[in-house]
Every structure is written in C-alpha cells, then in structure tokens.
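Starting off, we have a lone chain in the form predicted on its own, written out as structure tokens.
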Amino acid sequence: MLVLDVLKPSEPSIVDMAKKLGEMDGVDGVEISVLEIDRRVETVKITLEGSSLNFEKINAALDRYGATIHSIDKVASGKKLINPS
C-alpha cells in the first residue's frame, strides 16, 4: 500500500486519473480523495494497492498528468500487511 499527498491540476479529473493509475502494471486498486479545491488545482490523497507497486513509475505517471507529490504519507509492504493498533 502506498498513500500519497498530491497537488494536481483540475484536469484530468480524479476519475480519469484513478482509471489510468489503475491500469498500471502491479496496481490492483486506486482510491483518490479530494482534500482541498482551489481555482486551478486540487489537493488529493491517492491510495494505491498492489502486488508490486513501482514508485518511480507511479511518480512519472503523476508527473505526466501535471501532478506533484507533496509527501508520502504511508507505506506498507511485505507478505502480510500490518493493521495499526
């Protein structure tokens, strides 16, 4: 699991961005939540799950959409994911 805080332009929509990210190799699921909307940009939280997430490819894809990663908020890896207590 990878959770990213991202600044993106208003276009593409989060629907289009989720679809494109979900089509990437190693990505099994994508969730995008809008945290803040400005005139031309949106701050979103992107959660990706998959068997072999490739951060460099995900970052490059976001860059192609005009988006910038503000921070990596959560990472989970391994054969068994840990549920925080």
Partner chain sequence: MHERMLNTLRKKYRSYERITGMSKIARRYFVMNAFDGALTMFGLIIGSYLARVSNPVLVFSVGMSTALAIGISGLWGAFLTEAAERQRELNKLERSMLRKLDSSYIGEASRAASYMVGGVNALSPFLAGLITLSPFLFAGKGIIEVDLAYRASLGICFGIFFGLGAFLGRISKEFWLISGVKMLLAGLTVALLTFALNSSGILGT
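Owing to the predicted nature of the structure, the values given are computational and were not obtained by experimental measurement. Numbering follows the first chain given and starts at 1.
Although not depicted, the form predicted together with its partner chain is the subject of the following passage.
Taking the partner from the other structure, its partner chain in the predicted bound form has a heavy atom within 4.5 Å of a heavy atom of Val41.
For Pro12, a non-hydrogen atom is located within 4.5 Å of its partner chain in the predicted bound form, even though that partner is not displayed.
Residue contact with its partner chain in the predicted bound form: Leu7 places a heavy atom within 4.5 Å of it.
Heavy atoms of Leu21 never reach within 4.5 Å of its partner chain in the predicted bound form, leaving it off the interface. Residues are counted as partner-facing when one of their heavy atoms sits within 4.5 Å of its partner chain in the predicted bound form; in 59-75 these are Asp63, Arg64, Tyr65, Gly66, Ala67, Thr68, in sequence order.
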